[in-house]
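Below sits a lone chain in structure tokens, taken as the form predicted alone.
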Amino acid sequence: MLEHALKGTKKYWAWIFSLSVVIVVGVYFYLKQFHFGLGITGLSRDVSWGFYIAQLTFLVGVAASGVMVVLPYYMHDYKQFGKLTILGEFLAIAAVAMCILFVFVDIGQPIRLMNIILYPSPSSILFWDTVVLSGYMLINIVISHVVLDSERKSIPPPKWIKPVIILSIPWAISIHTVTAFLYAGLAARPFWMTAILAPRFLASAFSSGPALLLVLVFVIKKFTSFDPGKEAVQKLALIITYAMAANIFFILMEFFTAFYSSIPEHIHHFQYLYFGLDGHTTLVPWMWASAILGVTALILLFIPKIRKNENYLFIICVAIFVSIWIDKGLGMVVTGFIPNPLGDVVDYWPTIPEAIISLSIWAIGFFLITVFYKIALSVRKEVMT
């Protein structure tokens, strides 16, 4: 099936070439980081997890969101999601691949990854995060290959794949739950030490991931003959609506708990994010942009006439994706370290090499998505003809 990815229009190859250029530039800057060390990033002893780990956190949610199309299709026989399911699974594979790459560039010396394999520690949450992520990636690779190959041969998928698909549903939820536990178990970081962090992560995942999937679907629809069907698009938009509503509700609960309790250690993190602390306002405009985009998008989603207009829906989905990316991919991780346990505020901002390396990993993800989607759509077109 790989041969389908080697055929395409000029626009297809121009897109592939553009992504390849970004990837090559990112590799160059990573080699500089490998030679010099993490000193070329904005990380420090006070802020030891930054942009790389924030992208990991966000992308784990994107990967987990594949369950939003898998569960209705396979568990509730919602056939309208038939054209979206394989795209959701491929998006999950690409997202997990990016997660692994962000861990790879964050740990400094890549050989340190072997410590997790050679010296497994079941008491470590990081060990279990590695297990669930690699397992989820393997499950989705098997499912997507078997299902797509069966579709190409115009035969029903083998019966043994159904239990694997069912297993992928709780597994998808587990990957973001375990990621939340990585943060929530750190007693010295009050911003993360909340029981609601895992539900909040899942709510944001189930809105940002499907939003990205719809954006990709609309782009594919514009340049190809692919059409998932209006009912499928609207049902996924409704899922995004409810998930986004839950996400914003959880954020408001965090605000209430922090400010009503008047515990300074909890309040300071939110002050730094939204109002600034001791004159430090690095993230304030970003977080207000995230809040305005998220709330506005949610209000528009609740208006059926706007939600059913695909042009508006495309813009809304982009707004939701950007809003949650700012919240989780920029503010969530960094703010856990600011202020530090001694009360000092040490600002963090990604450096140019750090940003370019991150951009190249995103380019690798979109490269994989492009190739996977090209194969899926080509196989489907081949079967229909």
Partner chain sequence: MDVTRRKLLKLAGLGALGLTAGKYAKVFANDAFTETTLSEIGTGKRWAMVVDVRKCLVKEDCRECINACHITHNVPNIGNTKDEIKWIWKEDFENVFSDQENHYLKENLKDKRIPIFCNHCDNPPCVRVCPTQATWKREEDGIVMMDWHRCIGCRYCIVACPYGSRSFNWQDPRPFIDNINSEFPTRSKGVVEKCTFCEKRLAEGKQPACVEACKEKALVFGNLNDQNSEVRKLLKENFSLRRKPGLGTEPEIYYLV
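Positions refer to the first chain, counted from 1. Note that the structure is predicted; figures quoted are calculated from it, not measured.
There is another form of the same protein, the form predicted together with the partner chain; it is not shown, and what comes next is about it.
Asker: Out of 235, 200, 152, 83, which one falls within 4.5 Å of the partner chain in the predicted bound form, going by heavy atoms?
Answerer: Exactly one listed residue reaches within 4.5 Å, namely 152.
Asker: Pick from 147, 125, 71, 300: which has a non-hydrogen atom within 4.5 Å of the partner chain in the predicted bound form?
Answerer: So the residue touching the partner chain in the predicted bound form, by this definition, is 125.
Asker: For the three residues 34, 43 and 344, which mark the spot I'm curious about, does each lie within 4.5 Å of the partner chain in the predicted bound form through at least one heavy atom?
Answerer: Yes, all three are in contact.
Asker: Within 4.5 Å, heavy atoms only, one stretch in 62-70, 48-56, 355-363, 322-330 touches the partner chain in the predicted bound form. Which?
Answerer: Partner-contacting stretch among the options: 48-56.
Asker: Do residue 189 and the partner chain come within 4.5 Å of each other in the predicted bound form, heavy atoms counted?
Answerer: Residue-level check for residue 189: yes, a contact with the partner chain.
Asker: Should residue 120 be counted as a contact of the partner chain in the predicted bound form, where contact means heavy atoms within 4.5 Å?
Answerer: Contact with the partner chain, yes.
Asker: So in the predicted bound form, does residue 182 come within 4.5 Å of the partner chain, heavy atom to heavy atom?
Answerer: Looking in the predicted bound form, residue contacts with the partner chain include residue 182, since a heavy atom lies within 4.5 Å.
Asker: Find out whether any non-hydrogen atom of residue 158 is located within 4.5 angstroms of the partner chain in the predicted bound form, and reply yes or no.
Answerer: Although the partner chain is absent here, residue 158 would stay clear of it in the predicted bound form, with no heavy atoms inside 4.5 Å.
Asker: Sequence order please: the residues of 88-123 with a heavy atom within 4.5 Å of the partner chain in the predicted bound form.
Answerer: Those in contact are 106, 107, 108, 109, 112, 113, 115, 116, 117, 118, 119, 120, 121, 122, 123.
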